[in-house]
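Shown here is one chain on its own, the form predicted alone, set out as structure tokens.
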Amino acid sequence: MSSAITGQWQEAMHLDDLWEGEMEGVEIDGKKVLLVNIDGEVRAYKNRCPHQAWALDEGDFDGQTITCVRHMWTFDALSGKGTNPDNCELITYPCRVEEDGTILVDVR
């Protein structure tokens, strides 16, 4: 599930603070957002597992898969699609990285 781009980009953090293979929870405009860096590709998701709304940044990220710490549900970090179980999906926010490394997210 993806959010539409509204063009209201907001600064989340700098790419230097989100290394490849890392994830970080941030708050943007009152919304909890999970940023993940998959081999240089940055993705932004709602920081809540669709199962029981547990914060995903408290879980694990092995560079490819996000694992919720609560019940071990897993998600493909590039697509946000569930891998165990495979009938769920993370809420995706539009995200881009500026030339200066600033990560922008559209949470509207």
Partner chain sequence: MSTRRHVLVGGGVAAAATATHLRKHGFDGEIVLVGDEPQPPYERPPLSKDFLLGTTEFEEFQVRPPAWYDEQSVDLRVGIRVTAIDVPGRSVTLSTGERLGYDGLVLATGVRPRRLPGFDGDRVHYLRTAADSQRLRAQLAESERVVVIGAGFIGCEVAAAAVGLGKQVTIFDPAPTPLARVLGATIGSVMTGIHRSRGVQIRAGEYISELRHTGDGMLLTSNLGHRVECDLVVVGIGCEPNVELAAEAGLATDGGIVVDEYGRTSAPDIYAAGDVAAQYHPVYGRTIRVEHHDNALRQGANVALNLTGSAEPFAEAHWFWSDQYEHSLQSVGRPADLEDLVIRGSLEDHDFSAFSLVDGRIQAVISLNRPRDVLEVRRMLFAPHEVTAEQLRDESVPLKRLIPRSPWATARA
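Numbering follows the first chain given and starts at 1. Quick caveat, the model's predicted, so the values are computed rather than measured.
Below: the form predicted in complex with its partner chain, not depicted.
query = Can residue 53 be called a contact residue for its partner chain in the predicted complex at 4.5 Å between heavy atoms?
reply = No, residue 53 is distant from the partner.
inquiry  = I'd like to know if residue 41 sits close to its partner chain in the predicted complex, meaning any non-hydrogen atom pair within 4.5 angstroms.
reply    = No, residue 41 is distant from the partner.
request  = Determine whether any heavy atom of residue 22 comes within 4.5 Å of a heavy atom of its partner chain in the predicted complex, and answer yes or no.
outcome  = The answer is no: residue 22 has no heavy atom within 4.5 Å of its partner chain.
query = Is there a non-hydrogen atom of residue 69 within 4.5 angstroms of a non-hydrogen atom of its partner chain in the predicted complex?
reply = Contact check for residue 69: yes, within 4.5 Å of its partner chain in the predicted complex.
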